[in-house]
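Okay, so here's just one chain, in structure tokens, the form predicted alone.
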Amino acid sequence: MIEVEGLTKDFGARRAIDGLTFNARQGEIVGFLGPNGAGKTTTMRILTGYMPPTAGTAKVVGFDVTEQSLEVRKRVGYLPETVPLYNDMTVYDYLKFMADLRHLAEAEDRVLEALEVVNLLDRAEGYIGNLSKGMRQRVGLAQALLHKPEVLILDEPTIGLDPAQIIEVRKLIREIGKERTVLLSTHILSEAQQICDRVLIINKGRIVAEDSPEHLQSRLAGAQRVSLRVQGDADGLESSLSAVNGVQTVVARPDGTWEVETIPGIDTRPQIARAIVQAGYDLLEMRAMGLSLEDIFMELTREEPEPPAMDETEAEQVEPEPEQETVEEE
């Protein structure tokens, strides 16, 4: 439903996105993750026809976003991060206005259906200017669903919502994702982990990782970690655990638990449990510690430190190049 190949966008001398290539299928929820300024919003604006790319191609439901922009807009529902609403209109009047702009048949029925989906029927006659930020966000989501789009593009869909509303919106997105293609950006990594079938991690305009959350964790985890809890005085436990073949590090944590890191590819838990019991300790808990999506995100988007710039005094002390030292005398 979404096909992107070599997508590039320049703003003057700055390259916002650089050769993005990815796809999203029908019935799939794809999470778009990245730090601020990574190019997520720019990509979404191109996919929704708000701006053209500098290079590359993007197709939505088979239509080119540049050559067939109107056809794309008919099939895409878009919720921007900052929802453009009219404060002096009622919720119903705003949605009816948006439905009329799209020339939707049975516009009134569509409005009521969208209001029911986002649970705002009781606020239909209320003025948008009097709504909380969370409710305004739901009005924006209703607008994106009015025309029953095949593709839904959501930029930070749960921003400003309270915990109960976040749960409702996540549930709604999961339901929508069963029939439509959903592309959403988020800074809430647990959100992507809970509702997305696949995640794209973007940094400096390029995709640095693409896979399901589970596969990303297993592929990038590296060393395996195990959390332990034992009963009684644990003096000497560190040396007993360090003697187990495959154990790399043993760390005592402030909460009384122990973290053991082992070499990848080998399950050393049976040997660890045996070593604890043989050393005379009671093992109360043992669990594997997977690498979280947040850990992966921070690792893949980490900025490499730049070499320090020389000040003027240091620059004066730099010796000239050898070829500049040799001067032929006449």
Partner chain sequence: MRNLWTIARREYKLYFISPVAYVVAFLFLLVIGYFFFSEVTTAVAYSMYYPTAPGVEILISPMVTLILFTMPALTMRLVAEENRTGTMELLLTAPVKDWELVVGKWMGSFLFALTLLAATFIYPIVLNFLVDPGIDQGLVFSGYLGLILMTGSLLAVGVAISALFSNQVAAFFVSLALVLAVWIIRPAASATGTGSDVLSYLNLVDHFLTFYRGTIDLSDVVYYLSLTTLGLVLGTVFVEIRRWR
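Numbering follows the first chain given and starts at 1. Treat the numbers as computed from the prediction; the structure is a model and nothing was measured.
The same protein also exists as the form predicted together with its partner chain; that form is not shown, yet it is the one meant from here on.
- Within 4.5 Å of some heavy atom of its partner chain in the predicted complex lies at least one heavy atom of Arg102.
- By the criterion of a heavy atom within 4.5 Å, Arg180 is excluded from the residues contacting its partner chain in the predicted complex.
- Among heavy atoms of Met89, some come within 4.5 Å of its partner chain in the predicted complex.
- At the 4.5 Å threshold, heavy atoms of Leu131 stay clear of its partner chain in the predicted complex, well away from it.
- Contact with its partner chain in the predicted complex, defined as a heavy atom within 4.5 Å, is made by all three of Pro52, Pro84 and Phe97.
- Partner proximity in the predicted complex, defined as non-hydrogen atoms within 4.5 angstroms of its partner chain, places exactly one of 246-254, 68-76, 166-174, 185-193 at the interface: 68-76.
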